[in-house]
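Only one chain is shown below, in structure tokens, and it's the form predicted alone.
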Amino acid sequence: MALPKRIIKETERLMAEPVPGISAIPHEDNLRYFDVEIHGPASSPYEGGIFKLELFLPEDYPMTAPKIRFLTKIFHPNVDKLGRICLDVLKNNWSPALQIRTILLSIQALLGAPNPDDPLADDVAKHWKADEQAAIEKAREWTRTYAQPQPQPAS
């Protein structure tokens, strides 16, 4: 089945004009699936991390939001254990005027500004509200553990 022009145009633009700190590469066998990498924003607990996500454009995109989730484990009040993301533009504030790149930028911004007042991971949000510094340190630790390439031992 042919891809809608909109998806082709968005994909071409993502390839031709990549967003700094974000890559989104479509699967060769299904151009509705993207492998996404988002670099943790500077001065955030996620700085230095490279987070892998998967993005899928449903049949009725752009009338419905893309499906996207983190594959990399992350300690964040707006991302649950399954990698699902609590972000208004993926839910009730979705608009067909939004594009893949705007969603990815919104997720990158969410990494820079976690919102424990609208959590998806209640335990993380409670930790964040009770002791923000300890929660930030735990987010940094998880970033080092799960989102940074581990040096390979010399053989």
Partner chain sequence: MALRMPLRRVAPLIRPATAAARSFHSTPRALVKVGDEIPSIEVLHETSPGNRVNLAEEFASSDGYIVGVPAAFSGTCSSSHIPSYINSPKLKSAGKVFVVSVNDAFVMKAWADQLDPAKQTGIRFLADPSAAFTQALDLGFDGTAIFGGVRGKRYALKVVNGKVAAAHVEPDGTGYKGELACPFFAIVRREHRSLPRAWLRGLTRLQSAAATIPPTTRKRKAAEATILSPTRETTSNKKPLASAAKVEAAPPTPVTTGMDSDDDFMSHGSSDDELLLDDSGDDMSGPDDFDDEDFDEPDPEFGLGSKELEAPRRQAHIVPFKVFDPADIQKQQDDIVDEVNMILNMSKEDAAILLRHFRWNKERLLEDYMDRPERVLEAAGLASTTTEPPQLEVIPGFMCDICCEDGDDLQTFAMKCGHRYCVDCYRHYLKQKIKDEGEAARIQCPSDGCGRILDSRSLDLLVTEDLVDRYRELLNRTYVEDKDSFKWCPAPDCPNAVQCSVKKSSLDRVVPTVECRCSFRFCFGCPNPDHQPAPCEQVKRWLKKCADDSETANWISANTKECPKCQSTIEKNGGCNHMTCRKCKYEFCWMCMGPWSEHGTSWYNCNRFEEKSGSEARDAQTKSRTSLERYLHYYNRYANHEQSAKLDKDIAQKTEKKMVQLQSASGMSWIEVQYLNSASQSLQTCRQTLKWTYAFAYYLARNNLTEIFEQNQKDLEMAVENLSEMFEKPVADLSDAKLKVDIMDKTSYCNKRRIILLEDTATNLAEGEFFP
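Since this is a predicted model, take the numbers as computed values, not measurements. Numbering follows the first chain given and starts at 1.
Below: the form predicted in complex with the partner chain, not depicted.
- Remark: residue 42 does not count among the residues lining the partner chain in the model of the complex, judged by a heavy atom distance of 4.5 Å or less.
- The closest non-hydrogen atom of residue 62 lies within 4.5 Å of the partner chain in the model of the complex.
- Proximity of residue 50 to the partner chain in the model of the complex falls outside the 4.5 Å heavy atom cutoff.
- When the partner chain is considered in the model of the complex, residue 95 lines it closely, a heavy atom lying within 4.5 Å.
- Partner contacts here mean any heavy atom within 4.5 Å of the partner chain in the model of the complex, and among 42-50, 66-74, 116-124, 96-104 they occur only in 96-104.
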